[in-house]
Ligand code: F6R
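The chain below stands alone and is given in structure tokens; this is the form predicted on its own.
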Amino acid sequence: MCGIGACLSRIGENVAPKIVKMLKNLEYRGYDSAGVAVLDLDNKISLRKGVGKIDKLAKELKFDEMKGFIGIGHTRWATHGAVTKFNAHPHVDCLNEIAVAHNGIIENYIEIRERLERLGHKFLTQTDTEVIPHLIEENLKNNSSVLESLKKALIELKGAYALVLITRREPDKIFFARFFSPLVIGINDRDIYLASDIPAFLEWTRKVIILQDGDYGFVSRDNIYVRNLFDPSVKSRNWVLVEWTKEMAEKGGYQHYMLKEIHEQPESIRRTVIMVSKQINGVIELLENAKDVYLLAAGTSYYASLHGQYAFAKYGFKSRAIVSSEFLEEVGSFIDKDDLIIGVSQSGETADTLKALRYAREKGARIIAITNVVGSAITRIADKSIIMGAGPEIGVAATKTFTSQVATLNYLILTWAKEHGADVDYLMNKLLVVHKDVERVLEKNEKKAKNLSEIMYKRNNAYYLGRGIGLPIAMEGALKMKEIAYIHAEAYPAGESKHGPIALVTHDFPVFGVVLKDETYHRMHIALEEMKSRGGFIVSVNEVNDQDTMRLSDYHFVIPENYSNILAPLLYVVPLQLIAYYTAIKRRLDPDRPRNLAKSVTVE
């Protein structure tokens, strides 16, 4: 959940400015506090940290003035301990000889801390991370090397971690370890970088080593040393060249990453469809041989998966979307070797999803992974992986990854249906060019969304209603409004609205309706009429020629004709994304960094 950035200069340059830039690039992973530690020119650990966002702290603490050729940094999303200067990372040992930055949760930190306190160690924070430098300090008392002391500590730690470490004992190295939490290495002729995510160093290199669970080791000017706790045969990891560019991860003239990423959806959908078409081999066979199929995901990815369930059902294929954190309790006892699990995760590192998939793997189930990140943890669990073409998504609120997930699932569904004799050529051809209509939706609805924000920013509640394929769209729209505009927005199946929710509807209560011209059309009208008769302020997303819905609505957003089918989310969600974005802006909020949230939820 937090962001780690570390840098070792191969040419003797000060690394603090680059570490600060890396943390800024990772601020979507957490931004309540931050810190930087370098080994200074006197071979001492220089540490500065505080509460607040990177820009504020960089100015106040003068990170860029720190002198050293090797260093680590961290931007925090608090899990253990309040948001304070002391709890900010990096953390040090008693002698101030070891500094550690860590992402994850050490589950047995209390028992380790109590044992170390009995041995005389003094702790200054409430965090689980602080046990790591103290544990390594204790191990070093046996005259072992730093690497041996780190390995011994890792064997004792339980939970999840990605960590980087510098020490006066071996001042030419950055040590690292990864288990469950993401950590990658970037390489060029001038520097070696370690980070939680590739965008941290994308402006300097696209040459990446993706570390795997159990990996530990160190980097130095002329060596990248990798070993694995569970596999003694591992002596190195190969590098890959990522397709993302620096420009893809920058704002490109937009005020916020979220708005840029909303506007990138035509291209990300187009690219995803092309990429998925080249990865489909073997996937249909897994579907054919499965007794039961479960789509497993969290947050926005769950709504994309729920769409997948509805879309599969359109062609007579039974599947079930389940929230990852509920998987074990809901169906865990039923899973066996005849089942297929489709895990959907933007980052490929979502802790709840990985935990559930590992359980399913132990039960013998087959696994398909749908993700946006090559080499992520989910791909190493899966029998078959499908990598989307969304590119880097920096805004915390998912936008283009949602539509890329929907496009991926739709391609999969249509391929299966075609092989079973369904006439889906029209929809498949439409999917290949849908990006052009997404561009039109952006053009026709952005100004309307900005105008509606003048009304919505004063509201504190809203309902989002949908039926069938429209329901996951409504759910995703409501989530966006909650995430970034902090408006209490709830999505319901339209037929459920009269079973309780309608009690809250009074004059000018906003009700958003996702209206498709399919078998649900007239029932959606009934639900919206019921809301309108109680004074509801009706906002609809509907086809451009749908005069009846527009007459019913106080405000409407239009979609091109002939999208009241499984392709609907690719277009219908776009106005809802824009409305949430502009409402957040009108409320003077930062849509890229909503409070209490982080991009990749790597803790349970």
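Note that the structure is a prediction, hence the values are computed from the model and not measured. Start at 1 with the first residue shown and count on from there.
Keep in mind that the form predicted together with this ligand is missing from the display, and what follows is about it.
Taking 4.5 Å between heavy atoms as the contact cutoff, choose which of T403, T75, T350, N103 touches this ligand in the predicted bound form.
Here the answer is residue option T350.
Select from the listed residues S181, N445, T129, T300 the one whose heavy atoms reach within 4.5 Å of this ligand in the predicted bound form.
It is T300.
Quick one: does K480 come within 4.5 Å of this ligand in the predicted bound form, counting heavy atoms only?
Close contact exists here: in the predicted bound form, K480 approaches this ligand to within 4.5 Å, heavy atoms only.
Just to confirm, S345 within 4.5 Å of this ligand in the predicted bound form by heavy atoms?
Contact with this ligand, yes.
Touches this ligand in the predicted bound form: A200 (any heavy atom, 4.5 Å):
So A200 does not count as contacting this ligand.
Spell out, yes or no, whether the shortest heavy atom distance between A397 and this ligand in the predicted bound form is within 4.5 Å.
Result yes; A397 sits at the interface with this ligand in the predicted bound form.
Go through 111-119, 300-308, 429-437, 462-470 and give me the stretch that gets within 4.5 Å of this ligand in the predicted bound form, heavy atoms only.
Checking each option against the 4.5 Å cut-off leaves 300-308.
Heavy atom within 4.5 Å of this ligand in the predicted bound form: which residues of 167-186 qualify?
Not one residue comes within 4.5 Å of the partner.
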